[in-house]
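Presented as structure tokens, the chain that follows is alone, the form predicted alone.
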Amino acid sequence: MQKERTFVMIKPDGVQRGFIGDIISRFERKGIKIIGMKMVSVDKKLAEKHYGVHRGKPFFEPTVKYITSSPVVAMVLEGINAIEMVRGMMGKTNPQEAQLGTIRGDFGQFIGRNIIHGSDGKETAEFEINLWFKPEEISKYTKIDETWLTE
């Protein structure tokens, strides 16, 4: 079992509706370690790079406009199987299809305002972490509970 890193962003609706603490505490209670975190007022250039794979799709421009409309909280999370674990905790992309108990199932209502983003794979995680964070903004430390969380 190896640790992996993933990128997570609490989107403008999550920030504006006051869910930052609730979302962070879910990850912490699960035993996922936060190794980088910052609030960012996203400019158009960063938004277009982040969502670049969707360029040309009908939702690209509205998504860029939305993500630049208010600050977001960008995070680097670390843990064993972190990408899959975080995605499971987030729930389906469409909050109306997400199970209760997931972040989107509990806090979201519509797909265009779905509270949170998380990397969908290792390559995406690496790209997004490098896009949003400088190496010196990522901490390396051992949490006291790590030995109690893994076999």
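Bear in mind that the values here come from a model prediction, so they are computed numbers and not experimental data. All residue numbers are counted from 1 along the displayed sequence.
Keep in mind the form predicted in complex with a small molecule is missing from the figure; the text below concerns it.
A.B. asks: Within 4.5 Å of the small molecule in the predicted complex, heavy atoms considered, which of G88, G112, G101, G121?
C.D. replies: Comparing distances to the small molecule in the predicted complex, the residue within 4.5 Å is G112.
A.B. asks: Just one of K65, H54, K49, K38 has a heavy atom within 4.5 Å of the small molecule in the predicted complex. Which one?
C.D. replies: Partner contact (heavy atom, 4.5 Å) among the options: H54.
A.B. asks: Exactly one stretch in 78 to 86, 55 to 63, 22 to 30, 38 to 46 has heavy atoms within 4.5 Å of the small molecule in the predicted complex; which is it?
C.D. replies: The contacting stretch here is 55 to 63.
A.B. asks: Looking at the partner-bound form in the predicted complex, is S70 within 4.5 Å of the small molecule by any heavy atom?
C.D. replies: The answer is no: S70 has no heavy atom within 4.5 Å of the small molecule.
A.B. asks: Although the small molecule is absent from this view, report whether Q96 comes within 4.5 Å of it in the predicted complex, heavy atoms only.
C.D. replies: Q96 lies outside the contact set for the small molecule.
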